[in-house]
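Here's a solo chain for you in structure tokens, the form predicted on its own.
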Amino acid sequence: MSETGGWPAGHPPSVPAPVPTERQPILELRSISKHFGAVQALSSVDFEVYPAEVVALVGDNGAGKSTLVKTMAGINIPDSGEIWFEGKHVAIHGPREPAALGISTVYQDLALCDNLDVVANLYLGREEIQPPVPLLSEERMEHRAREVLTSLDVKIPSVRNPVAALSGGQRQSVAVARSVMWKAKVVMLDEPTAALGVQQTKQVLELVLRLRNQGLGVILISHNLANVFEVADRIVVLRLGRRVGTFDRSKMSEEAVVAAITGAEFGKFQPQA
């Protein structure tokens, strides 16, 4: 070091290279098991989703997908295993805890009220009240609703239209917007493209990618492997209550995933860790 306290020209201090840190899941399940009477629905299942990632959860009927999703949503309490969120062990005893953490679930039935408009559905149960008179703050609620829909690039003719007047894709988009409106960090989508047409399916899949690009962890539960391969980063396969394969979507064929789902030719391909 020079007398002035600086480093000689051309001789900077030796700074150690930053140590790479391992990427941490935003939500992680470890060795989750669940049985209903004599039926073992889940057997020591591990599952994880990372920020800015779409992970697809696939499997045949009875594979355990719904049980696992309901465990993450706080509806099913596991018999054993641990749940970790943002690197911390969390105790989940009901749906309130996941919601408070930022875990949101959009079920296949969407749970929308057809007779109410878009704004009312987005704020259902969380309406803003304008003091001192206990009246709904309609203008503020509508402004916030428009902001959220615009951020997700959801195109709806009017947020004052009743949900019953919307298309299937628009209804799905409203349900997703409601989930992210309250600072969700993980969004689970249960069969979001079921019974949708081609154009509506495209609209929903584009929305899934926008959620990922905004940094959310997205869990996609679907039987449609074409949709899965279009948007998923990783694919986790459940079969008979066990996790039997994890695939990097860009490195694995649809046939290999089908083989893992059905158990056909199991072991003749190498799942990606």
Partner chain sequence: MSVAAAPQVSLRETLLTPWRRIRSGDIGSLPVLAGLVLIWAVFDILNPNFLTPLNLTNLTVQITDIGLVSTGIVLVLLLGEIDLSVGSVYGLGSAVMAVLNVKMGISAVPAVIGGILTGTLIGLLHGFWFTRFRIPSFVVTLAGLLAWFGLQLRVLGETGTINIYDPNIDALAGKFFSPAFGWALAAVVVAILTVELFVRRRRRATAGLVQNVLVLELGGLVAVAAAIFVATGVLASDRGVPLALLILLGFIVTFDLITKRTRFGRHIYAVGGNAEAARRAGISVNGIRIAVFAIAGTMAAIGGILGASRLLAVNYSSGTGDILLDAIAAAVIGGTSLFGGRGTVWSALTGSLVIGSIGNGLALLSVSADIKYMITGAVLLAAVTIDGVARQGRQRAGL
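Numbering follows the first chain given and starts at 1. Rigid core here is just the name for the largest C-alpha set that superposes within 1.5 Å across the two forms. Remember, it's a predicted structure, so these values are computed and weren't measured experimentally.
Here the subject shifts to the form predicted in complex with the partner chain, a form of this protein not shown in this document.
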*Among Lys70, Glu138 and Asn161, does every residue place a heavy atom within 4.5 Å of the partner chain in the model of the complex?*
yes
*Can you check 78 to 86, 119 to 127, 180 to 188, 194 to 202 and let me know which stretch has heavy atoms within 4.5 Å of the partner chain in the model of the complex?*
119 to 127
*Contact test in the model of the complex: Cys113 vs the partner chain, heavy atoms, 4.5 Å*: yes
*asked:* Is Ala175 near the partner chain? Define near as a heavy atom within 4.5 Å, in the model of the complex.
replied: no
_in the model of the complex, Leu166 touching the partner chain (heavy atom, 4.5 Å)_ = yes
*Give a yes or no for Arg96: in the model of the complex, does one of its heavy atoms lie within 4.5 Å of a heavy atom belonging to the partner chain?*
yes
_Rigid core fit then His89 CA moved by 2 Å or more between the shown form and the other one_ = no
*Would you say Leu149 moves between the shown form and the other one, meaning its CA shifts by 2 Å or more once the core is fitted?*
yes
*With a shift of at least 3 angstroms, figure out whether the C-alpha spacing between Ala52 and Ser151 grows or shrinks in the model of the complex: closer or farther?*
farther
*asked:* What direction does the Ala99-Pro131 Cα distance move in the model of the complex compared with the shown chain, closer or farther, given a change of 3 Å or more?
replied: closer
